[in-house]
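Okay, here we've got a single chain as structure tokens, the form predicted alone, with questions on binding and movement later.
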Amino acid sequence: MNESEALRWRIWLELELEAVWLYPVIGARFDALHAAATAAHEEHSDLRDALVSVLADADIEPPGPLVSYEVGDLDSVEDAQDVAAGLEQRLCASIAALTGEVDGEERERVVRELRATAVRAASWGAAPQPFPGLG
């Protein structure tokens, strides 16, 4: 794994760590979003673990989580949906940037995750994009 690829994997992992922090907060604050936030938390926890493994396999120290993240206002269901959609869109951009760094089966895996993340972004209210992460 070259330096540029390692950086892309680390950035993606940093955003997954933010997601793992964010979704329990949303689920705890808003009963209407609890089920969706719980499902998103589980998906992001699995991705976090997978990305830690990718970096560990390359002998690269993975970043750790922050104590807290500045996510903006979470005063309403709509605010929470906007914050979640925004995070998923940032994840799309991060994952899209990685697609140019990997090839073969690894690229297929990254593209699958990009697609899943774009669907998750739309489920939180983000406008669908023809090329997620590039808009």
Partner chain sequence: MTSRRVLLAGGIAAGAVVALGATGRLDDVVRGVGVKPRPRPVDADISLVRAVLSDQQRVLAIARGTAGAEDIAEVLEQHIAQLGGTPTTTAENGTLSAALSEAADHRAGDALAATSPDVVRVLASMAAGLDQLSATWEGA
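Residue numbers count along the first chain shown, from 1. Note that the structure is predicted; figures quoted are calculated from it, not measured.
This next part talks about the form predicted together with its partner chain, which is not shown.
Which residue among Ala58, Val77, Ala97, Val52 has a heavy atom within 4.5 angstroms of its partner chain in the predicted bound form?
The option sitting close enough to the partner is Ala97.
Using a 4.5 Å heavy atom cut-off, indicate which stretch of 41 to 49, 102 to 110, 63 to 71, 23 to 31 touches its partner chain in the predicted bound form.
Correct option: 102 to 110.
Decide if the three candidate residues Met1, Leu7 and Leu13 all line its partner chain in the predicted bound form, where lining means a heavy atom within 4.5 Å.
Per the other structure, none of Met1, Leu7 and Leu13 touch its partner chain.
Using 4.5 Å between non-hydrogen atoms, is Ala118 touching its partner chain in the predicted bound form?
Ala118 belongs to the contact set for its partner chain.
Does any part of Leu114 reach within 4.5 Å of its partner chain in the predicted bound form? Heavy atoms only, please.
Because a heavy atom of Leu114 falls inside 4.5 Å of its partner chain in the predicted bound form, the answer is yes.
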